[in-house]
Ligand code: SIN
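The chain below stands alone and is given in structure tokens; this is the form predicted alone.
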Amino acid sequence: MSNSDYRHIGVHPVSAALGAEITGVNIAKGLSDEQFEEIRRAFFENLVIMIRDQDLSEEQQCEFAARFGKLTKSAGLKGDNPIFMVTKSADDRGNNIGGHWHADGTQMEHAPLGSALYAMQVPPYGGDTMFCNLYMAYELLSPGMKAIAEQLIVVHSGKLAYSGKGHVVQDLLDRRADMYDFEAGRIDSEHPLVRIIPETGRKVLYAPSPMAYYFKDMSMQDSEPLLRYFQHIAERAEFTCRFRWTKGALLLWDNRATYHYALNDYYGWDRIMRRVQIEGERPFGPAKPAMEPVSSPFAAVRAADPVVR
């Protein structure tokens, strides 16, 4: 779908693989139904969209994100507030949150559909976020490997990820003990390696670290080489895009069809982001069918195309 197919917003791709910037909207002033439907269509078309120069309160950010689906807390977050502050101070020389290829909350039974992340304070340079296209990762597989992949179920384990001192996830959470309930995040779920996205009817390769630990009915030792192989395919440079942050930018990504990587290259500067998360369906695919019928008015958007673009 080209930019000319949109009548109420501007859609400007940032790479051939995925990602687009949206122009011509002011979320705080309200969106017409026509504008929102085109934003929603651009989201599923491009997997990641950024809308710059927004001035959003918590309520306005939540209201906008909730138009995509029910809001849900990040796994292990304390309290009932869906707001998750992603912060790193100028004097913090350690790891950042999300500083590796991953998808959010995959240990949850209803793994998140996506997130809306709002930039409140950003460094003058650095701190970009990268994304990769999991449709393309699946399409790269040979027919024989697709047949193997479509039989596999991955165990996503918060119990192992939050396993104590020395683990990168646990070490990061220890620094934010005021925000996290560790026990609530220690949950496991089984999701198919090849997942179908209901809005497009297409398949993705869904094995994001750090929660994807091993294949069902396999040992961790047997699982690791094949699991890493699938993860590395998704992270190929030609399957990625990169967004540079500006204050007031709102970024939305499909957490089911992408992995993302928050670059930790802004030492000496504060970075303050506000995130809300959108609940998704139970992941389903050839190895684990949907538990209930799934239909979507967007199912034909790009279903016939071998890649997103």
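Heads up: residue numbers just count along the shown sequence, starting at 1. Quick caveat: nothing in here was measured; it's all calculated off a predicted structure.
Keep in mind that the form predicted together with the named molecule is not shown, yet the notes after this line are about it.
- Contact with the named molecule in the predicted bound form, defined as a heavy atom within 4.5 Å, is made by none of Ala149, His191 and Lys203.
- The chain is drawn here without the named molecule; in the predicted bound form, the stretch among 259-267, 31-39, 279-287, 45-53 whose residues come within 4.5 Å of it by any heavy atom is 259-267.
- None of Ile187, Val155, Leu227, Ile97 but one reaches within 4.5 angstroms of the named molecule in the predicted bound form through a heavy atom, and that residue is Ile97.
- The single contact residue among Ala212, Cys132, Leu117, Leu113, judged by any heavy atom lying within 4.5 Å of the named molecule in the predicted bound form, is Leu117.
- Among residues of the shown chain, Asp104 is one whose heavy atoms approach the named molecule to within 4.5 Å in the predicted bound form.
- In the predicted bound form, the named molecule sits beyond 4.5 Å of every heavy atom of Met218.
- Using a 4.5 angstroms threshold between heavy atoms, Leu141 stays clear of the named molecule in the predicted bound form.
- In the predicted bound form, none of the heavy atoms of Val122 sits within 4.5 Å of a heavy atom of the named molecule.
- Scanning 31-48 for heavy atoms within 4.5 Å of the named molecule in the predicted bound form gives no residues at all.
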